[in-house]
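Two forms, one protein chain; structure tokens for each follow separately as structure 1 and structure 2.
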Structure 1
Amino acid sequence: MKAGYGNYSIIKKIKRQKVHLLLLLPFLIFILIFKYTPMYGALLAFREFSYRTPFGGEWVGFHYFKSFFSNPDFSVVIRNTIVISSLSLIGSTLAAIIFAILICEVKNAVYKKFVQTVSYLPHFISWVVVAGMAMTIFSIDELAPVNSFLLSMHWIDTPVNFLGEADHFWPLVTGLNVWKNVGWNSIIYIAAITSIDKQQYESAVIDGANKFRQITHITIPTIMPTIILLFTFGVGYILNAGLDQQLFLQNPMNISRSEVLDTYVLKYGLQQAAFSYGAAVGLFKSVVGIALIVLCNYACRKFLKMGIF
């Protein structure tokens, strides 16, 4: 912004950029239609559903919110959502850090590349496929891989019903989340570790530090800001436990542990056509979600001097 350029009036600037702005217009309209119209449509949560007007008729205030909050499902669904996504967040973060640290210690470049490439694989397949695999591998059948392994090691006497018992749902879904994301999530930590100055390690070795101390005193402190940033970012998304994994692995036996906000909206809002109720639950999720994100971003700015946005 040199002198002269700053003197342009807004009109002149618009004229100067008219091709640019004209090209931008369709995209603005696209976002307006596909992103902002549903936000307006979320007002359905405060209105009675009607077939005549697209986003609802008579206003009913907080009626649907009240019925959600006073519903016995409320505490169960919120608990499941928060527990599942916290377990996944903690599990995935820890696994990705450990994996990144260990892979950076591999000396053979080809071997390193191979393990890395293989570890990304699960990220690229859909939850439908993951659930399909899990159902086969964790099946109650005593010949299914996991049960037959546990039986042959004499760790269990009868096959475990991993998919059919509510108690197994949280560990199972956490494990699958970690399995699916560990390689992909580690990319960023690997990048952070690779950028550490090698001289730091060399001088640590001269001071007599072994591998373990090098990791705890150099590697981890250096990548700490990245860890905290990504973790805080994850906390902002704590109400997004994910729809697919819960939906596909859900069955009447484990529903008490597997029902999360997203599956709940799908089930009651759409499949039972309680549109206003579903919209209220969805809006609750979005509002609490953005509040959490803003809060986490504020915390990052304040304590880490860096922000997500």
Structure 2
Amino acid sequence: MKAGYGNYSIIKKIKRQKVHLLLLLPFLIFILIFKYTPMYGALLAFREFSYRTPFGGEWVGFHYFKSFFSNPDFSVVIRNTIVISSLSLIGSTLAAIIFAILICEVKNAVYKKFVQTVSYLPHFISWVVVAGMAMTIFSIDELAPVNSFLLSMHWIDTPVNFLGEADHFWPLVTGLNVWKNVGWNSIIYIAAITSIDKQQYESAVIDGANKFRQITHITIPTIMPTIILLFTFGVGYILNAGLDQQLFLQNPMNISRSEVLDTYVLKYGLQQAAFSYGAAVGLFKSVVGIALIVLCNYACRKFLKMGIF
């Protein structure tokens, strides 16, 4: 009898939510086709590639994983990927939080909306355009904006080759990542700050707390769950340093610092038709990403008493 009532209840809920379920259907189909169906191709990491069969021929076990781990480029590619991703994640998170706090302190509504709108624009600019702008702004030419400014201030004696010296690549690509995404990443933080009860700030003002103490004792602790949630998801993408920015800014002079997993897979997995090898590297990235999310969530639950699952 209970099961019968349960089924009847579920049917009633489905009928009541039928419009929302129909709206959700296209997205479920999209995820099924473009996210879950391609996962079958991960089998190629354990098989020899063959044009005769869709997902490979003879099974080879972990052969391509061993080849990748024993490759001399492995340590360099992993180092570059982790450093670039970590710098971008930390820099983007800090910049987005600071920007969100500052924008919420602006009282002029028109100016506030203008700054917010302008800050979102870089997110929609293609990396092709951003790389072209970077090549112009950071060019070794004496008339290029950055070198011209540094020379005029007598901080350098000769123009700096920002794009041609490997030591400058990590700060350069980190700065571009932060600039491109700071406005977009701040949206959720702004929403979180806006939802804070204003009475908390009024009570703090009565108690004599200045603006800095209000931020450190009310704003940041209140949005901490949001920070942890987004940071945990970001850690899961630590091996996704991005393809476009590295590919467009990469050249033979900075390749020792710019070669990451994505560009490595493109060159050796696709351009040289080593599809099984590329699939193995891609699967390695996914497994490490899932493991990092679980570990980060466990650490957050253990030390901060909060997590995403």
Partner chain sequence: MKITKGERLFYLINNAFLLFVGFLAVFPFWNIFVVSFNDGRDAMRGSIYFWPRKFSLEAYSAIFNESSLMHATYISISRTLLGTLLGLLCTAVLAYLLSNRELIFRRGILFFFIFTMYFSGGLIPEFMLIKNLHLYNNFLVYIIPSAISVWNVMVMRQFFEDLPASLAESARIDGASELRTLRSIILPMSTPVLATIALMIGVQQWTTWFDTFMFTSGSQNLETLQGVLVKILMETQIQSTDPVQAARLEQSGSILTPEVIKMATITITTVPIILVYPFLQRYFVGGLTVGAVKG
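For residue numbers, the reference is structure 1: its sequence is counted from 1. Take the two forms, superpose them, and find the largest set of C-alpha atoms that agree within 1.5 Å; that set is the rigid core. A quick note: this is a predicted structure, and the numbers were derived from the prediction, not measured.
Between the two renderings of this chain, the form predicted on its own is found in structure 2; structure 1 comes from elsewhere. For L43, the Cα coordinates differ by 2 angstroms or more between structures 1 and 2 after the core has been superposed. A displacement of 2 angstroms or greater separates the C-alpha positions of H63 between structures 1 and 2, with the rigid core held in common. The Cα position of L247 differs by less than 2 Å between structures 1 and 2 after fitting on the rigid core. In this core superposition, L28 moves its Cα by 8.4 Å between structures 1 and 2. Aligning the rigid core between structures 1 and 2 leaves the CA of F275 offset by 2.8 Å.
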